[in-house]
Structure formats: structure tokens, C-alpha cells
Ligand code: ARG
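As a starting point, one isolated chain is supplied in C-alpha cells, in the form predicted on its own.
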């Protein structure tokens, strides 16, 4: 029996009925539907709508459905269920009889799906923050293992300045920690309970909404029933955060692909995460990295789909909202699968320290340090920039580096160049010159690793708190 069939005189067109069903994808919400239904059943008992015995029967029936789903590993089947809500009602009536129909007293599927999705996104956020903490921990470990190894930093993909490899890796830690922070902000906003909102105007029974919110670990009931039943801001916000995280992963993948090429040779691709060519025997291809880059487009596509679905909907619930579920599920699955693979890749990758160090000492990577030397001698910054630029031009003509110019050649450009100048061009001196918070000076990078570990540990503690709350 349909949950709405009383008013209708004709059955649904069979093709339309199959097409409009959502059970094939919203059945993954079953555990959340059961939890929300349990809270609603208790509220019905507290309001005097059902008896204590009926409550016990309903709760036992819900538990049996959960146990059945657990044994089938969530792959529950039903060719007639319109959606997960209909499925639960059918299963209850099959198990406990007519009292199963009482569970729907005073509620609507509009508030149910909003509640289920909030519970789903909340759980996904906790899982993803756990995975992000693991990824950040791996990057921090590799940064610490890198020690004093150096590499070129790039602007416009051109040689810019030398940095510690650790400094480069910590840049990604900062990105992923921001992703984790965005997720917890999203969690705060979504953690309000729609139960009791009814179809659009609020429940028709005197249900204790604060009780139901507390039962499900929500902060409070939602403030407006019209908004609660039509709001998918939390879905859009969540998937947009996932798209940012995927973008960060894609930038990382792109750098690793470039750095693993023979032209760079900074990175040795892990064989456990690479494949070969069916035609060219010598090839080792960066498949994980390329798929990470490609999956980013998929997640961003889901975020775009959600915006387009939601942009023209009048208040409150519309069937269009059913279409927000699959982009949400797909983006979540993609992100959940990506992060552990990225962590595994980063544990396995080998960096070619010799090649990276070598590259960090050529291509005039110390030019700004040379200009800074003159600034410290009292030369205006713009003049120092110009004079070192002329020194670089001379080096290009001679096919040498700045440190290869003779004292006479340097003094012809500026008499303030003296014997101490060549010392400031050495890699260690260039690194040490960037001695500011967030800079690549070795002492600052060591501080950065400690600070990153503190943030990662705090993230892990937050995740554990929510897991055991």
C-alpha cells in the first residue's frame, strides 16, 4: 500500500512508478531513518498518542529491521518500496502488524528526509575529518623525515627561491586543515533537528521537539518548519567543501605528476599505486595521481548540479529535492575513497633529495637574497633589484650563476659588493634569511612541524569527542 494512495482513483503508470522511486539510492539512509523513527516513536508515547506497549512494539520492530539490514550489509531489496520511509513502514507492518502504521502519526516524509540527510552528512563529516587528520599526519611525518633537504619553489611554474622540502609539504597540511575546519563549521550549522516540522507548517500533534533533537544529538530543533522541510543548504555547503578539498588534492596530484616526470625527477612513483603501458614496456604511469585529478572534476560537478537543482525552487518541499541525494552520495563516496589512498601514496613515495637539492642551487634562486644583501647595505630596494637584475643579465651572457661572478665584476655594478657577498648566496644562508613566522628558515620550519602536529592532534581529539558523544 502506498503512503498516499487514498485520494487516487487510478494506479500509477508502471514506467513512471519505477522512474520516480528513490529507494535504490536512499536506502543507504536506512540506519538514520531507523534512529529518527525511534526518536519520533518516543515522542509519540510522551505525547500520549501511543501506549507504552505500542512503543515497545515499534522499537522492537525498528531494531529487527536494523538487524536485518546489518546481516544484508545494507543491500536491502524491495521492488515495491517507493523510498526508505515507505520501506520502513512496510517492514514494520510486516513484523508487528497494524500498530506499525501508527508510527507515521503527526509526521511527514518531508521532515523525515531532511532529518535523515542531516544525520548522514553529520556522520560523513566526522569520517572525513578523521581521514583528513590521517592525511595531515602523513604529510607532517614526511616533512619531518625530509630534514634539511631543499628544493626549488616556483611562481608561474618558474624557478623562484629555494625552500625546505618540509616547508613545501607543510603547505598541503595547511590546505587540508582548512578543509577540516570548514567541515566542522558546516557541522555546527546543520546540527539542528527538523523532526516535528511536519509537511510544511509543523506537526499536528503536541510533540516535544527539543526531546527529539536531544535523542538524536542535535543542538536544538530547527526554528521554522517551512525552512526545515525545504532546506538543503547544508548539502550544498558540504559538497562545496568537498569540492574545495578535491581541488586541493588535485593541485597536489598535479605537482606530483610534474615532479615525477623525467624532466624534473624529484619524485619516484610508488609502484603499488602506478600502472604500466600495454604498448610501451618502459612506462610507469601516475594512475592514482591522474585519477585524483579527474575525481576532483566529478566532485565539483556534483556541487554544480546541486546549485542548479536548488536555484529556482519555491518554498517549501518539491520533488526536485529528491535529485539532491545522488550528487551528495556520489561526492561523499568519492571523497571518502580518495583520502586513504592519498595517505597510502604519500607514505610510499620516494623523493630524490639529490636532484631536488641540485635544482635548488641553479637558475638564480638566490637573486632575491643578493638584492636583500644590498638593501641591508643601505641601497634602496628598487635600486638593489635593478643592480642584481643586471648581474643576472651578465651571468646569462657568461653562462654562469651569481656566485660565479668575480669581485671586480660585482663592484662594477655596485661598489658595496664585498667579500661577504658570496657567503649570503650559499643555500643555507638563503634559507636562513627567510626567518619570519611561516618562512622557510630551518628553525621556523621546525616550529611549523610542531604547530602542525598540535593542530592535527586537536583535530583528532575533536573527531573522537563527536564519535563518543
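Since this is a predicted model, take the numbers as computed values, not measurements. Residue numbers count along the first chain shown, from 1.
In what follows, reference is made to the form predicted in complex with this ligand, a form of this protein that is not presented.
- By the criterion of a heavy atom within 4.5 Å, residue 109 is counted among the residues contacting this ligand in the model of the complex.
- At the 4.5 Å threshold, heavy atoms of residue 113 reach this ligand in the model of the complex.
- Put simply, residue 230 is far from this ligand in the model of the complex: not one heavy atom of it is within 4.5 Å.
- Using a 4.5 angstroms threshold between heavy atoms, residue 364 stays clear of this ligand in the model of the complex.
- Proximity to this ligand in the model of the complex, taken as heavy atoms within 4.5 Å, picks out 22 to 30 from the listed stretches 22 to 30, 35 to 43, 433 to 441, 413 to 421.
- When contacts are defined as a non-hydrogen atom within 4.5 Å, all of 83, 317 and 325 contact this ligand in the model of the complex.
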